[in-house]
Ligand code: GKR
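Take a look at this single chain in structure tokens; it is the form predicted alone.
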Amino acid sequence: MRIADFRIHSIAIADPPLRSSYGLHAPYALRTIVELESDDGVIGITETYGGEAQVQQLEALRHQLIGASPYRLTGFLSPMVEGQGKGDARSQTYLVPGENPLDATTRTYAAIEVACLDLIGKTVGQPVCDLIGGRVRDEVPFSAYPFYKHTGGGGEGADTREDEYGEALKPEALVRQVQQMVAKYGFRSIKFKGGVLEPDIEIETIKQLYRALGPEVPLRIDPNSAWTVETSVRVGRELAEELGRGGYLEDPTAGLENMAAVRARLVAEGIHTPLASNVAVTSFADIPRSVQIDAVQIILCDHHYWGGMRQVQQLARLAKTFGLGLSMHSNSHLGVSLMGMAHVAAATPHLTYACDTHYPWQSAQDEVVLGGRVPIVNGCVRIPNQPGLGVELDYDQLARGRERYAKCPYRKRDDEQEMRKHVDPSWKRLLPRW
């Protein structure tokens, strides 16, 4: 079997005006769909970050892909998985996910690896999770992912979308948002995006969630490094009960040294809420120092920027060896990416926390998976019986996504610019802000 064709599709999907310490989400998120077609006519697919830079990285590989064996290709391309930076240079702290040039090759490798695995799985009639070691679970738990948000459902002009959740810039509105998500999808844990409002307001938001949902629902908060060490310690202290029941405090402050300082001070006070990270630990090179100073107790990986599914499995083994927890990070995505996450999580025994997903924020109107949106039932995605990733492309929907991309002005993610455009003309991302 050889790869006979390689197709790249740039698409845009409506995205609500969600807030984080990076700024404001644009009305559209950009994604890239890739197809690898074999000389037998079988098509493997993947979904990754969008925009012009990602397409250029993929296009540069065309001459290496056409005519190659999907069984061997990822081995030949394996030098790409190391990325172009080591340690702190690869940090996602200061750049929005998908826009760090130092891990561009890693993201690109991951996209090709998943497409190859989907192609192989469809050729031999086996699900991807069973190709990479065999599933240890048939369904994968995900968390609700609430955000502070402005009014609006995403999209622009005639493509403006219904605002399902409404404005949420106060604790009470955020609680209502979460209750809607739980009622619709059955989520059994909550990952809350902070770093947006004054810390006292965000503390109160978590406390109200805790009162509304009860202690059996784990809570997490992620301010994306918006706080000083002092503020991080104060938040950890005031939310010791609310975050300490199966939850975590994610990236409260910037850098491994500051994370370690927060951890040491909380432990000294008898507070053992774990610290999680998806921006301070983003490559294997970050792990030795993090373990040495006890900076991060839970790694939130992502098969896109960690270099693919098998890299995640290697990370899981290393995390288990050092007694670290593991979960998976997410960005605005569609069903192909969601199923990629589900398959690698299904084949990773050491998955200790429910995975993140932005999927509830995306619209059925944008889904490119044949048959519509991937079901999330009781907070879980079930691995289908079909081979490969278990999903096929709806080419009519894919064409609509391409048309949306052609019409919209966005070619990279820039949350800071969106804040200046819609909220505050002088806004800049500051770390720390509080």
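All residue numbers refer to positions in the sequence shown, first residue = 1. No experiment lies behind these values; they were computed from the predicted model shown.
Omitted here: the form predicted in complex with the named molecule. The next part is about that form.
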Check residue 148 for me: does it contact the named molecule in the predicted bound form (non-hydrogen atoms, 4.5 angstroms)?
no
is_contact(residue 202, the named molecule) in the predicted bound form, heavy atom dist at most 4.5 Å
no
Against the named molecule in the predicted bound form, would residue 97 count as a contact residue? Criterion: heavy atoms within 4.5 Å.
yes
According to a 4.5 angstroms non-hydrogen atom cut-off, is residue 331 in contact with the named molecule in the predicted bound form?
yes
Within 4.5 Å of the named molecule in the predicted bound form, counting heavy atoms only, one of 316-324, 289-297, 117-125, 140-148 shows up; tell me which.
140-148
Since exactly one of 224, 273, 105, 362 fits, which has a heavy atom within 4.5 Å of the named molecule in the predicted bound form?
224
Selected contact from 348, 232, 337, 278, since only one has a non-hydrogen atom within 4.5 angstroms of the named molecule in the predicted bound form
278
Heavy atom contacts to the named molecule in the predicted bound form at 4.5 Å, residues of 358-397 in sequence order:
358
